[in-house]
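Before any questions on binding or motion, here is one chain by itself as C-alpha coordinates, the form predicted on its own.
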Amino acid sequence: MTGAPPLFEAKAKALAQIGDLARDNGITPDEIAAYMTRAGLQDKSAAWLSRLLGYIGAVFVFGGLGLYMAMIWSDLGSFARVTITFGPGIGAFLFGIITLKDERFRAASTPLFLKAAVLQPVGMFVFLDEYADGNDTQLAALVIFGILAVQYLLCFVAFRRTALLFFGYLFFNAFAGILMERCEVDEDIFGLGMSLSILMVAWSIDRSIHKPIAAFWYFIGGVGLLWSVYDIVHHSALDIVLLPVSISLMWVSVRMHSRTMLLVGTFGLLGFLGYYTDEYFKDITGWPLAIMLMGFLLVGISYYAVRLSHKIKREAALAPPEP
(Lines give C-alpha, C1' and ligand atoms only; values in the text may rest on other atoms or scores of the structure.)
Protein backbone atom coordinates (compact mmCIF):
# COMPACT_ATOMS: atom_id res chain seq x y z
CA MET A 1 0.00 0.00 0.00
CA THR A 2 3.07 2.24 0.20
CA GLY A 3 2.94 5.13 -2.23
CA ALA A 4 -0.76 4.59 -3.03
CA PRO A 5 -2.96 7.70 -3.42
CA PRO A 6 -4.88 8.72 -0.25
CA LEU A 7 -8.23 8.15 -1.97
CA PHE A 8 -7.24 4.60 -2.91
CA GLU A 9 -6.07 3.89 0.62
CA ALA A 10 -9.34 5.21 2.07
CA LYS A 11 -11.39 3.05 -0.32
CA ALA A 12 -9.31 -0.03 0.49
CA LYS A 13 -9.75 0.54 4.22
CA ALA A 14 -13.52 1.03 3.83
CA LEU A 15 -13.82 -2.16 1.78
CA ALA A 16 -11.88 -4.08 4.41
CA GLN A 17 -14.28 -2.84 7.10
CA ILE A 18 -17.28 -3.79 4.97
CA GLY A 19 -15.82 -7.27 4.47
CA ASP A 20 -15.28 -7.72 8.22
CA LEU A 21 -18.83 -6.59 9.00
CA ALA A 22 -20.27 -8.90 6.33
CA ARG A 23 -18.41 -11.92 7.70
CA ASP A 24 -19.35 -11.13 11.31
CA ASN A 25 -23.05 -10.82 10.45
CA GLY A 26 -23.29 -13.61 7.86
CA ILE A 27 -24.07 -11.30 4.96
CA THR A 28 -23.41 -12.73 1.48
CA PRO A 29 -22.00 -10.73 -1.47
CA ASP A 30 -25.33 -11.17 -3.30
CA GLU A 31 -27.19 -9.54 -0.44
CA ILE A 32 -24.74 -6.62 -0.47
CA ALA A 33 -25.17 -6.23 -4.23
CA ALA A 34 -28.98 -6.33 -3.94
CA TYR A 35 -28.92 -3.69 -1.21
CA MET A 36 -26.63 -1.41 -3.22
CA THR A 37 -28.86 -1.81 -6.29
CA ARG A 38 -31.98 -0.84 -4.31
CA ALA A 39 -30.18 2.13 -2.79
CA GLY A 40 -28.99 3.25 -6.22
CA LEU A 41 -32.50 3.04 -7.65
CA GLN A 42 -33.86 5.08 -4.75
CA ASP A 43 -31.20 7.74 -5.30
CA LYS A 44 -32.03 7.89 -9.02
CA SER A 45 -35.73 8.14 -8.26
CA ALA A 46 -35.14 11.02 -5.87
CA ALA A 47 -32.88 12.77 -8.39
CA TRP A 48 -35.46 12.29 -11.15
CA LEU A 49 -38.25 13.72 -8.98
CA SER A 50 -36.10 16.67 -7.99
CA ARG A 51 -35.25 17.40 -11.63
CA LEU A 52 -38.88 17.09 -12.71
CA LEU A 53 -40.05 19.49 -10.00
CA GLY A 54 -37.32 21.92 -11.04
CA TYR A 55 -38.46 21.87 -14.67
CA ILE A 56 -42.12 22.25 -13.71
CA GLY A 57 -41.25 25.16 -11.43
CA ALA A 58 -39.30 26.85 -14.21
CA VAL A 59 -42.24 26.45 -16.60
CA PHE A 60 -44.62 28.02 -14.04
CA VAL A 61 -42.24 30.95 -13.49
CA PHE A 62 -41.81 31.47 -17.21
CA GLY A 63 -45.55 31.16 -17.93
CA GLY A 64 -46.48 33.53 -15.11
CA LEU A 65 -43.97 36.09 -16.30
CA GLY A 66 -45.30 35.86 -19.85
CA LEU A 67 -48.91 36.31 -18.75
CA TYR A 68 -47.98 39.25 -16.54
CA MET A 69 -46.12 40.99 -19.37
CA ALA A 70 -49.07 40.48 -21.74
CA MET A 71 -51.48 42.01 -19.22
CA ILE A 72 -49.52 45.19 -18.53
CA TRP A 73 -47.65 45.63 -21.84
CA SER A 74 -49.73 48.50 -23.18
CA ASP A 75 -49.31 50.44 -19.93
CA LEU A 76 -45.49 50.28 -19.95
CA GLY A 77 -42.96 52.71 -21.38
CA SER A 78 -39.98 51.79 -23.53
CA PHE A 79 -37.53 51.39 -20.66
CA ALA A 80 -39.96 49.27 -18.64
CA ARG A 81 -40.64 47.02 -21.65
CA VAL A 82 -36.96 46.37 -22.17
CA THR A 83 -36.39 45.82 -18.45
CA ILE A 84 -39.24 43.35 -18.02
CA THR A 85 -38.11 41.22 -21.00
CA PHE A 86 -34.34 41.46 -21.14
CA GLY A 87 -33.87 41.82 -17.38
CA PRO A 88 -35.22 38.36 -16.40
CA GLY A 89 -33.35 36.85 -19.36
CA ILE A 90 -29.92 38.14 -18.38
CA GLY A 91 -30.76 37.46 -14.72
CA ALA A 92 -31.61 33.82 -15.49
CA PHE A 93 -28.37 33.47 -17.45
CA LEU A 94 -26.27 34.88 -14.59
CA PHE A 95 -28.06 32.68 -12.05
CA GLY A 96 -27.37 29.70 -14.29
CA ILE A 97 -23.66 30.54 -14.29
CA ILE A 98 -23.73 30.95 -10.50
CA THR A 99 -25.35 27.53 -10.00
CA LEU A 100 -22.51 25.92 -11.96
CA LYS A 101 -20.12 26.86 -9.19
CA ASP A 102 -21.94 24.70 -6.63
CA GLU A 103 -22.34 20.97 -7.27
CA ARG A 104 -25.63 20.88 -5.33
CA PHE A 105 -27.39 23.32 -7.67
CA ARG A 106 -25.94 22.42 -11.06
CA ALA A 107 -29.12 20.61 -12.12
CA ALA A 108 -30.96 23.94 -11.92
CA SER A 109 -28.69 25.51 -14.54
CA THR A 110 -30.40 23.91 -17.55
CA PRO A 111 -33.91 25.37 -16.98
CA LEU A 112 -32.28 28.71 -16.20
CA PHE A 113 -30.32 28.67 -19.46
CA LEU A 114 -33.49 27.67 -21.31
CA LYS A 115 -35.35 30.63 -19.84
CA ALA A 116 -32.46 32.93 -20.72
CA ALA A 117 -32.29 31.60 -24.29
CA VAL A 118 -35.94 32.60 -24.80
CA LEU A 119 -36.07 35.91 -22.93
CA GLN A 120 -32.72 37.38 -23.97
CA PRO A 121 -33.46 37.53 -27.72
CA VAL A 122 -37.00 38.75 -26.99
CA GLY A 123 -35.60 41.53 -24.81
CA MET A 124 -33.01 42.49 -27.41
CA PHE A 125 -35.64 42.66 -30.15
CA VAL A 126 -37.81 44.83 -27.88
CA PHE A 127 -34.82 47.10 -27.23
CA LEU A 128 -34.15 47.58 -30.95
CA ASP A 129 -37.85 48.10 -31.65
CA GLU A 130 -38.13 50.76 -28.96
CA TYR A 131 -34.87 52.65 -29.44
CA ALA A 132 -33.38 51.89 -32.90
CA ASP A 133 -34.35 53.58 -36.15
CA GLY A 134 -35.06 51.66 -39.36
CA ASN A 135 -37.06 48.58 -40.27
CA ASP A 136 -34.31 46.11 -41.20
CA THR A 137 -35.53 43.12 -39.19
CA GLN A 138 -33.05 40.82 -40.89
CA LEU A 139 -30.08 42.93 -39.78
CA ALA A 140 -31.48 43.10 -36.25
CA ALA A 141 -31.82 39.30 -36.09
CA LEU A 142 -28.30 38.91 -37.48
CA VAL A 143 -26.80 41.12 -34.76
CA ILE A 144 -28.84 39.58 -31.94
CA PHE A 145 -28.18 35.94 -32.83
CA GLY A 146 -24.51 36.68 -33.43
CA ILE A 147 -24.12 38.27 -29.99
CA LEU A 148 -25.97 35.40 -28.29
CA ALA A 149 -23.92 32.78 -30.15
CA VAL A 150 -20.68 34.38 -28.93
CA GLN A 151 -22.04 34.71 -25.39
CA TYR A 152 -23.16 31.08 -25.05
CA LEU A 153 -20.18 29.53 -26.85
CA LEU A 154 -17.65 31.51 -24.81
CA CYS A 155 -19.39 30.42 -21.61
CA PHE A 156 -19.36 26.84 -22.90
CA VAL A 157 -15.60 27.05 -23.38
CA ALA A 158 -15.30 28.24 -19.79
CA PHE A 159 -17.76 25.85 -18.09
CA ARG A 160 -18.18 22.92 -20.51
CA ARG A 161 -21.93 22.55 -19.91
CA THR A 162 -24.03 20.74 -22.51
CA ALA A 163 -26.90 23.27 -22.31
CA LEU A 164 -24.52 26.12 -23.17
CA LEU A 165 -23.21 24.20 -26.18
CA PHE A 166 -26.73 23.43 -27.39
CA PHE A 167 -28.02 27.00 -27.25
CA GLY A 168 -24.73 28.46 -28.49
CA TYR A 169 -24.75 26.22 -31.56
CA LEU A 170 -28.47 26.93 -32.09
CA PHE A 171 -27.86 30.69 -32.15
CA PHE A 172 -24.81 30.19 -34.36
CA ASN A 173 -26.86 28.31 -36.97
CA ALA A 174 -29.54 31.01 -36.86
CA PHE A 175 -26.85 33.64 -37.37
CA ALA A 176 -25.24 31.69 -40.24
CA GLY A 177 -28.59 31.12 -41.97
CA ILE A 178 -29.53 34.79 -41.86
CA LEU A 179 -26.05 35.84 -42.99
CA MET A 180 -26.13 33.51 -46.02
CA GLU A 181 -29.59 34.74 -46.93
CA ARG A 182 -28.45 38.36 -46.62
CA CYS A 183 -25.45 37.61 -48.86
CA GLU A 184 -27.89 36.07 -51.39
CA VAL A 185 -26.20 32.68 -51.38
CA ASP A 186 -28.13 30.09 -53.38
CA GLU A 187 -30.61 28.38 -51.04
CA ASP A 188 -29.93 24.87 -52.34
CA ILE A 189 -26.15 25.16 -52.02
CA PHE A 190 -26.40 26.77 -48.61
CA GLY A 191 -28.90 24.16 -47.37
CA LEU A 192 -26.69 21.31 -48.55
CA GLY A 193 -23.52 22.74 -47.02
CA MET A 194 -25.21 23.71 -43.76
CA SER A 195 -26.82 20.30 -43.35
CA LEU A 196 -23.53 18.48 -43.93
CA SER A 197 -21.75 20.76 -41.45
CA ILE A 198 -24.45 20.13 -38.82
CA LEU A 199 -24.10 16.38 -39.32
CA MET A 200 -20.32 16.59 -38.89
CA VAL A 201 -20.67 18.69 -35.74
CA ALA A 202 -23.30 16.25 -34.42
CA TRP A 203 -20.86 13.38 -35.06
CA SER A 204 -18.19 15.21 -33.03
CA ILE A 205 -20.67 15.90 -30.23
CA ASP A 206 -21.75 12.25 -30.27
CA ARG A 207 -18.19 11.21 -29.46
CA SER A 208 -17.95 13.55 -26.46
CA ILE A 209 -19.52 13.87 -23.01
CA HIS A 210 -22.17 16.13 -24.58
CA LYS A 211 -23.72 13.17 -26.42
CA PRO A 212 -27.32 13.75 -25.18
CA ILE A 213 -27.81 16.66 -27.61
CA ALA A 214 -26.33 14.83 -30.63
CA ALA A 215 -29.66 13.20 -31.55
CA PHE A 216 -31.35 16.59 -32.03
CA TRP A 217 -28.63 17.79 -34.39
CA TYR A 218 -28.58 14.46 -36.25
CA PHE A 219 -32.28 14.95 -36.88
CA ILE A 220 -31.93 18.58 -38.01
CA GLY A 221 -28.92 17.83 -40.22
CA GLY A 222 -30.43 14.68 -41.74
CA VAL A 223 -33.80 16.27 -42.53
CA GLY A 224 -32.05 19.36 -43.91
CA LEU A 225 -29.82 17.23 -46.13
CA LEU A 226 -32.72 15.22 -47.57
CA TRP A 227 -34.79 18.35 -48.15
CA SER A 228 -31.90 20.17 -49.83
CA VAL A 229 -31.14 17.24 -52.15
CA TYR A 230 -34.84 16.93 -52.98
CA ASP A 231 -35.04 20.65 -53.82
CA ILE A 232 -32.06 20.31 -56.15
CA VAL A 233 -33.00 17.13 -58.07
CA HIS A 234 -36.80 16.77 -57.98
CA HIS A 235 -38.55 16.75 -61.37
CA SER A 236 -35.21 16.15 -63.10
CA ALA A 237 -33.27 13.19 -64.47
CA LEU A 238 -31.09 13.24 -61.31
CA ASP A 239 -33.93 12.52 -58.88
CA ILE A 240 -32.68 8.94 -58.49
CA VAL A 241 -29.91 10.49 -56.34
CA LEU A 242 -32.44 10.60 -53.49
CA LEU A 243 -32.19 6.81 -53.20
CA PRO A 244 -28.44 6.55 -52.47
CA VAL A 245 -28.62 9.60 -50.19
CA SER A 246 -31.33 7.98 -48.04
CA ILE A 247 -29.52 4.64 -48.01
CA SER A 248 -26.27 6.41 -47.08
CA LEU A 249 -27.97 7.99 -44.06
CA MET A 250 -29.17 4.55 -42.97
CA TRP A 251 -25.68 3.11 -43.45
CA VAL A 252 -24.16 5.93 -41.41
CA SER A 253 -26.76 5.34 -38.69
CA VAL A 254 -25.76 1.67 -38.43
CA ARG A 255 -22.07 2.51 -38.32
CA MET A 256 -22.60 5.23 -35.71
CA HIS A 257 -25.32 3.41 -33.73
CA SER A 258 -27.69 6.38 -34.09
CA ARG A 259 -31.43 5.60 -33.97
CA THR A 260 -32.21 9.18 -34.94
CA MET A 261 -30.25 8.94 -38.18
CA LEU A 262 -31.87 5.57 -38.88
CA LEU A 263 -35.30 7.15 -38.43
CA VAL A 264 -34.43 10.03 -40.76
CA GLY A 265 -32.94 7.69 -43.37
CA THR A 266 -35.96 5.37 -43.19
CA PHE A 267 -38.45 8.18 -43.71
CA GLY A 268 -36.23 9.54 -46.47
CA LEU A 269 -36.29 6.18 -48.25
CA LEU A 270 -40.07 5.89 -47.84
CA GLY A 271 -40.45 9.44 -49.13
CA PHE A 272 -38.32 8.60 -52.16
CA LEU A 273 -40.43 5.52 -52.94
CA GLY A 274 -43.61 7.58 -52.69
CA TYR A 275 -42.21 10.37 -54.87
CA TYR A 276 -40.73 8.00 -57.47
CA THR A 277 -43.93 5.98 -57.71
CA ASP A 278 -46.03 9.12 -58.17
CA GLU A 279 -43.59 10.49 -60.73
CA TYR A 280 -43.00 7.44 -62.95
CA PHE A 281 -45.06 4.40 -61.91
CA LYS A 282 -48.40 5.83 -60.82
CA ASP A 283 -50.47 3.52 -63.04
CA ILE A 284 -48.25 0.40 -63.00
CA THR A 285 -49.68 -2.07 -60.45
CA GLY A 286 -46.63 -4.33 -60.64
CA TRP A 287 -44.34 -1.63 -59.23
CA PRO A 288 -45.44 -1.96 -55.56
CA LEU A 289 -45.12 -5.75 -55.85
CA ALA A 290 -41.60 -5.36 -57.23
CA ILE A 291 -40.68 -3.08 -54.33
CA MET A 292 -42.04 -5.63 -51.82
CA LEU A 293 -40.10 -8.44 -53.50
CA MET A 294 -36.93 -6.36 -53.42
CA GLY A 295 -37.51 -5.66 -49.73
CA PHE A 296 -37.89 -9.36 -48.91
CA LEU A 297 -34.71 -10.13 -50.86
CA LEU A 298 -32.78 -7.48 -48.95
CA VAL A 299 -34.05 -8.82 -45.60
CA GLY A 300 -33.03 -12.34 -46.62
CA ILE A 301 -29.60 -11.19 -47.73
CA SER A 302 -29.06 -9.28 -44.48
CA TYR A 303 -30.07 -12.38 -42.45
CA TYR A 304 -27.66 -14.57 -44.42
CA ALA A 305 -24.89 -11.96 -44.06
CA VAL A 306 -25.32 -11.86 -40.28
CA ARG A 307 -25.18 -15.68 -40.05
CA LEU A 308 -22.12 -15.77 -42.28
CA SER A 309 -20.40 -13.12 -40.16
CA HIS A 310 -21.04 -15.13 -36.97
CA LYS A 311 -19.76 -18.31 -38.67
CA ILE A 312 -16.55 -16.57 -39.76
CA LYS A 313 -16.00 -15.24 -36.23
CA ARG A 314 -16.52 -18.72 -34.71
CA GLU A 315 -14.15 -20.36 -37.19
CA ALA A 316 -11.52 -17.70 -36.54
CA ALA A 317 -11.86 -18.22 -32.78
CA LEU A 318 -11.53 -22.03 -33.07
CA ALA A 319 -8.65 -21.97 -35.54
CA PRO A 320 -5.28 -22.94 -34.04
CA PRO A 321 -2.76 -20.12 -33.78
CA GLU A 322 -0.23 -19.88 -36.59
CA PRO A 323 3.30 -21.01 -35.69
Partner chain sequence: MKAFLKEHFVLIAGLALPIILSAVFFVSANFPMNPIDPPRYKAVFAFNYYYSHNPEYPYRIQISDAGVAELHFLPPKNEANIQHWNLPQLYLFDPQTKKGQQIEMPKIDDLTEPSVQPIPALEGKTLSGLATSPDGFIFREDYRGGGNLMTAIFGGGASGGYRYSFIKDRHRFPIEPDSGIYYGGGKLIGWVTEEKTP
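Just so we're clear, the structure is a prediction, and the values are computed from it rather than from any experiment. Positions refer to the first chain, counted from 1.
There is also a form predicted together with the partner chain; it is not shown, and the following applies to it.
Within 4.5 angstroms, counting heavy atoms, which one of the listed stretches 193-201, 82-90, 108-116, 245-253 is next to the partner chain in the predicted bound form?
Looking at the other structure, the answer is 193-201.
Heavy atom within 4.5 Å of the partner chain in the predicted bound form: which of 180, 215, 122, 140?
By the 4.5 Å criterion, the partner-contacting residue is 180.
So which of 99, 162, 173, 151 reaches within 4.5 angstroms of the partner chain in the predicted bound form, heavy atom to heavy atom?
Comparing distances to the partner chain in the predicted bound form, the residue within 4.5 Å is 173.
Candidate spot 239, 277 and 296, all three touching the partner chain in the predicted bound form (heavy atom, 4.5 Å)
No residue of the spot touches the partner chain in the predicted bound form.
4.5 Å heavy atom contact, residue 184 and the partner chain in the predicted bound form:
Yes, contact at 4.5 Å.
Since only the chain is shown here, I'm wondering whether residue 231 would be in contact with the partner chain in the predicted bound form (any heavy atom pair within 4.5 Å).
Yes, residue 231 lies within 4.5 Å of the partner chain in the predicted bound form.
Given that the partner chain is not shown alongside this chain, does residue 189 nevertheless sit within 4.5 Å of it in the predicted bound form, heavy atom to heavy atom?
Because a heavy atom of residue 189 falls inside 4.5 Å of the partner chain in the predicted bound form, the answer is yes.
Look up in the predicted bound form whether residue 146 has a non-hydrogen atom within 4.5 angstroms of the partner chain, and give yes or no.
Looking in the predicted bound form, residue contacts with the partner chain do not include residue 146, since no heavy atom lies within 4.5 Å.
Which residues within 218-254 place at least one heavy atom within 4.5 Å of the partner chain in the predicted bound form?
Those in contact are 220, 223, 224, 227, 228, 231.
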